[in-house]
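Only one chain is given next, in structure tokens, and it is the form predicted alone.
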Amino acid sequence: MNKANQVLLKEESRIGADLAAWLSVGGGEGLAAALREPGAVIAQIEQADLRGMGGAGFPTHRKWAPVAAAPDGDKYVICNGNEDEPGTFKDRFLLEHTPHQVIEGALIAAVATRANHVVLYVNPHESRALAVVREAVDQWRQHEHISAIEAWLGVPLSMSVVPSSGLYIGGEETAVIATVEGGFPFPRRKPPFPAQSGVHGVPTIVNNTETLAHLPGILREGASWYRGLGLGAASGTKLYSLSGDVLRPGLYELPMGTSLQELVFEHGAGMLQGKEFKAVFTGGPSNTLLTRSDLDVPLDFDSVRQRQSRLGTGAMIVVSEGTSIVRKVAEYVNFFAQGSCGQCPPCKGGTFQLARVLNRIDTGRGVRADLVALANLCQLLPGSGRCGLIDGAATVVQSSLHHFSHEYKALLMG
């Protein structure tokens, strides 16, 4: 791909935890620009149309604005690097290879919102990423940029690295906050939103690792430059985690709005030998499946939403003809059932029941009443939990029933 579009996965990715090397290639310039005009940062992020890269694509400036408007006092910026969903592996790469870019992004967020606490929240299962981030944070603590931030804030800036629980549910933003506070990662209902009441009840921003990694480039090069990297109405670039039945799985940074067809058949080199494209789990396994008729969809938040799915984290798990959709869905719902924290009985019991019925059908022991039970559960369960886990589990089941009901019926007894 054109190197002009390589905002995140560029040659500097070999720098690792060497802050001096990062600064030698333009690192720190975005933070310096933020310090020159702190009050203009949020407007610039709005002009760039930067979205949250960890799931829903919520506009970043709208998440930051209430925290910036809150009275001075303790405020938190948290970089969410938990990333424990099947098919997603972009944050791990960024934390291992471009940690200073991520940290600089978090510091820019702190300047823009006058936050005096910066937390890097990292999945402990990724031991190398955790070690690299700790080393990188130690280097930043000694740098003059931190003194400049503290002069702007008028108070000391704390920087810390907090290992997550390593659980899937630990990536939900209120569960992140609970962990940073030292508790179990139980999600809570919203409102209040973290911007009003986060860590220890103070205004808090929780941003995905990839979201923060985009900030140094935007502040250094400008909002127009960033918007120009995308295709059509989309802005910037996106990391797509491509896996499944393709010849060249991997992590690809491409213009936001690149088509699914191009990702799979050009960058991913197409399907495994003798296989035909069947479907793709987008944004991980918790969204509506896209099928062959959706290969033309531009991979940006709005276009994928128009196909009744979500771009989510940018994970694309490709499934070929000959691979059982029922088995794949059963595997993912088992994952959700194991990942449920148990705080909400409808979620714990509902994911268990979905998994139980799916496993029965997949092993040839299902009956027609099981299809009715799945459909009923998919209607009853969404919205019954404090987070989106049960919604995601029901969505992928309902989507598979809609697109591949013939596969379910072929497995039934009698």
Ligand SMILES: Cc1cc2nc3c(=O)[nH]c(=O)nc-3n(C[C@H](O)[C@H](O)[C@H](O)COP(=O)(O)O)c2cc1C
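Just count from 1 along the sequence shown to find any residue number. These numbers were taken from a predicted model, which means no experiment stands behind them.
What comes next is about the form predicted in complex with the ligand, which is not displayed.
- Candidate site formed by Glu83, Asn207 and Thr211: every one of these residues places a non-hydrogen atom within 4.5 angstroms of the ligand in the predicted bound form.
- From the list 383-391, 66-74, 39-47, 359-367, the contact stretch for the ligand in the predicted bound form under a 4.5 Å heavy atom rule is 383-391.
- Here is the short version: of Leu354, Met53, Leu31, Cys347, the single residue with a heavy atom within 4.5 Å of the ligand in the predicted bound form is Met53.
- For the candidate set Asp300, Glu172, Glu253, Asp245, a heavy atom within 4.5 Å of the ligand in the predicted bound form is found for exactly one residue, namely Glu172.
- Taking the partner from elsewhere, Tyr332 is found to have every heavy atom lying beyond 4.5 Å of the ligand in the predicted bound form.
- Among heavy atoms of Tyr168, some come within 4.5 Å of the ligand in the predicted bound form.
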